[in-house]
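We begin with a single chain expressed as structure tokens, specifically the form predicted on its own.
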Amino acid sequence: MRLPESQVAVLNAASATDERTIAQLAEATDQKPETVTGAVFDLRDEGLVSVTETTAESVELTDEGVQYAEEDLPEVRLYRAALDVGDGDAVPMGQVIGASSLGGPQVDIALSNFARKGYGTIDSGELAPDADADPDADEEAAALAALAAGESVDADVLDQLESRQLVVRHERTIRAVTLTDEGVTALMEGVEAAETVDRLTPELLTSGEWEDVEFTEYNVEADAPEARGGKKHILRQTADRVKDVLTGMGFAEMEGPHADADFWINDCLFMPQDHPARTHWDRFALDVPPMEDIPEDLIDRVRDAHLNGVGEDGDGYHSPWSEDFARAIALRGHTTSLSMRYLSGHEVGELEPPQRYFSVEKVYRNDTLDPTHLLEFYQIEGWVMAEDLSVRDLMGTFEEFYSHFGITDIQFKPHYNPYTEPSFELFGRHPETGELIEIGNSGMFREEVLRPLGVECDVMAWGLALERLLMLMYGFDDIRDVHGTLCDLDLLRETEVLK
């Protein structure tokens, strides 16, 4: 029997009684593991060897895990600092954090795990350590030390470390090879190495040697290393798709600052300055100089609308209105700040109806994280300026827009907004759970919004959630699956947005 040289070497190195791994055969034959793997699969196809496969898992500490294994977990450092500073009594949180020398994201990590592990309580800005807690018995800290020493740890603790991104699990397939009876017989009868080539070269063609050589057979079913290149994130793909759809519907795109004056973000929208959404609990205020580039006459008209209303029957809020607060800078909580800039003529000059504008940009809100809320997300903003618009025009626009994404079951619910009347929320049905999910808010801008801006006709407007559109398209039930620290990388690599 004549076989390629690599197969002959593997056949001679294999055993009929003991399993030999690919790594062992590679060392015995002085060949690359991938060469041995190819030869093994070819020999298996000829019935000369049998191959068994097992899966082995290894655990590796991340850089953050290595740091905590050496320096202690942030929550342990916070607990020890609380004991040192307060001698067991409640201490102001800032004082404890300063004493712990924690900085950056480690502060949030320490605070989120402090109460979870029973190290104490956090209430009204004070941290009270539990004197009976034992940081030396912390299972996660002990597991990090054990892993650093090459030891195994409990599976539940390992799951927790993985969820904190302190360890990475690796799975690999181990293949073991054994000679079959046919393989033993072949060796006893004699196996010769045949000279083979793996490609046709110009030299073989010109010399005519190609007629006498034996070409290597390729096993197209053999495992090959997976090469993964970069690709555009599914969220950005969806944003581009939304832009294409809205452009096709006749809309032009708006652009503007992420950090803007509260005047553009809220005051122009007839949002009272004492509204709960405008407190430091719900917005991200920036400690920077106030915005000066706002037309004084526009400020006067907006202030008057807040204090006195618009028109003979108008009625304002009769609550204090501060120009300093209006000029203060914050991260925009919605991209309607762009709509106010464009409708006022401040951004691109005075606009004559009809007009259609949109944006697909990031906004920032101090929300509680959950499957449908993030601190920053993408909003699909849009508005239409024209004469004699109605709610039916607005609903028809949504039906056309969502139909481009295969979504036809859109439901509407009346709603209250300070800036639109009438107003309604949009809901779509989740394809997996069947539940209705809020996907946006919309309405007709009120006179108190439009008249100070100098707009004399109707304007219908909306703000839709890009991430929730993605949930309806692909059945995600948690928007953290597609971006952030909990995102599923395999899902991002494999999902493509359909055009």
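Counting begins at 1, following the sequence as shown. Since this is a predicted model, take the numbers as computed values, not measurements.
Keep in mind the form predicted in complex with a small molecule is missing from the figure; the text below concerns it.
Q: Just one stretch in 27 to 35, 61 to 69, 462 to 470, 43 to 51 has heavy atoms within 4.5 Å of the small molecule in the predicted bound form, so which one is it?
A: Looking at the partner contacts, the answer comes out as 462 to 470.
Q: Applying a 4.5 Å heavy atom distance criterion, does residue 365 contact the small molecule in the predicted bound form?
A: Yes.
Q: Can you tell me whether residue 419 touches the small molecule? I mean in the predicted bound form, with a 4.5 angstroms heavy atom cut-off.
A: The answer is yes: residue 419 has a heavy atom within 4.5 Å of the small molecule.
Q: Is there a non-hydrogen atom of residue 266 within 4.5 angstroms of a non-hydrogen atom of the small molecule in the predicted bound form?
A: Judged by the heavy-atom cut-off of 4.5 Å, residue 266 is well away from the small molecule in the predicted bound form.
Q: Give a yes/no on whether residue 452 approaches the small molecule to within 4.5 Å in the predicted bound form, heavy atoms considered.
A: Output for residue 452 is no: heavy atoms all beyond 4.5 Å of the small molecule.
Q: Exactly one of 344, 379, 106, 100 has a non-hydrogen atom within 4.5 Å of the small molecule in the predicted bound form; which residue is it?
A: Among 344, 379, 106, 100, a heavy atom within 4.5 Å of the small molecule in the predicted bound form occurs only for 379.
Q: Which residue, 243, 278, 164, 334, is the contact with the small molecule in the predicted bound form, using a 4.5 Å heavy atom cutoff?
A: Going through each option in turn, the one that passes is 334.
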